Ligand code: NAD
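Below you'll find only one chain, the form predicted on its own, shown as structure tokens.
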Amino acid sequence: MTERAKLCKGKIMAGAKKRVLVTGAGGFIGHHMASYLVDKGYWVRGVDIKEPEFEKSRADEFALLDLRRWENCLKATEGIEEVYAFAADMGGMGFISGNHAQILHNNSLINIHTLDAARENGAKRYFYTSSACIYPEYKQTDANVTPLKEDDAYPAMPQDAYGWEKLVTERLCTHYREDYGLETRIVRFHNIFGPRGTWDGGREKAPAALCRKIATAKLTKNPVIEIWGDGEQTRSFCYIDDCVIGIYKLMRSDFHDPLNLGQDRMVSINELAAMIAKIAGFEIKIKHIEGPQGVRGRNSDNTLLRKTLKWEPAISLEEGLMKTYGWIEEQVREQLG
């Protein structure tokens, strides 16, 4: 153990609460996770290049740090027992499909530096947020896709640089556990959504984008909304409250292989839009246009999740959309004045 790690261990032992780091704590999932851990009684340090946009962080300490830089990762992980790594340069399909070099460069720096700094500073456990985008494109060519199991990841052929970057970091986490004894946990998210996340500007994901479009249509009384492609591409969507519970359960478990985290109910984008319109109480007219669509179909096989954690997401898509739409309509109403 290095002198720095010994010093940090001393600081940890002196504290009454377990000290954890949440990177990306200014973003959607990281912000929710920080609040959840505070409620669980942890001392939380949040780190990001920006503060949360929609409400103040509840973290005990919040630092503005660019984690692409090694020295900042050392600062972030100092005195920390466990790391929840959410920091990433990412967004919805529109962003992912047009920024390959930026995503691969920035996220590789963030991941390598944060993981190594956690090891250097004597952290015991490290949670890495991977993605369903790691799954091979050749297994997702049909809208009626067979749900993806964890061992479907290889032979590897992710569609975008984002997926490749996630898959490589999964391997890095595995080797840090095997070679250095850092207990790593890896989750593959399947489309997490909910309130207090990005809902406009180009980085938002499908549920938030559709909620914004339908709220705008309702408030302006213009029923036409645009959807990229024919809208028959399929996905499953998991509400944020289930997401943070699943993360915590995995972090406390002894399971160290990659694990899917998402709902296993698949819907088309057209069906998703219809659900949101019903919640909004407004009849829409869909205009299909050219645009990036990602893979044709994607769904989560939750067999291993249920077996490993004796749990699976319980909040229905409709319930999650009601909460999300209500919040986004408020944002749109305020924006429109």
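Quick caveat, the model's predicted, so the values are computed rather than measured. When you see a residue number, it is the position in the sequence shown, counting from 1.
Note that the form predicted together with this ligand isn't included here; everything after this is about it.
A.B. asks: Under a 4.5 Å heavy atom criterion, is A87 part of the interface with this ligand in the predicted bound form?
C.D. replies: Yes, A87 is a contact residue.
A.B. asks: If you check in the predicted bound form, is I29 within 4.5 Å of this ligand, heavy atoms only?
C.D. replies: It does: once this ligand is placed as it appears in the predicted bound form, I29 has a heavy atom within 4.5 Å of it.
A.B. asks: Given that this ligand is not shown alongside this chain, does Y135 nevertheless sit within 4.5 Å of it in the predicted bound form, heavy atom to heavy atom?
C.D. replies: No, Y135 is distant from the partner.
A.B. asks: Taking this ligand as it sits in the predicted bound form, is S97 near enough to touch it, meaning that at least one heavy atom pair lies within 4.5 angstroms?
C.D. replies: No, no contact at 4.5 Å.
A.B. asks: Only one of 208 to 216, 190 to 198, 144 to 152, 116 to 124 gets a heavy atom within 4.5 Å of this ligand in the predicted bound form; which is it?
C.D. replies: So the stretch in question is 190 to 198.
A.B. asks: With the partner absent here, would I225, K323 and Q331 each sit within 4.5 Å of this ligand in the predicted bound form, counting heavy atoms only?
C.D. replies: Zero of three within 4.5 Å in the predicted bound form.
A.B. asks: Of these, L67, L37, V295, L305, which has a heavy atom no more than 4.5 Å from this ligand in the predicted bound form?
C.D. replies: Result of the distance check: L67.
A.B. asks: Just give me the single entry in Q263, T77, N260, T129 that has a non-hydrogen atom within 4.5 angstroms of this ligand in the predicted bound form.
C.D. replies: Contact with this ligand in the predicted bound form is made by T129 alone.
A.B. asks: Within 4.5 Å of this ligand in the predicted bound form, which residues of 143 to 169 have a heavy atom? Give them in sequence order, or say none.
C.D. replies: In sequence order, Y162, K166 come within 4.5 Å of the partner.
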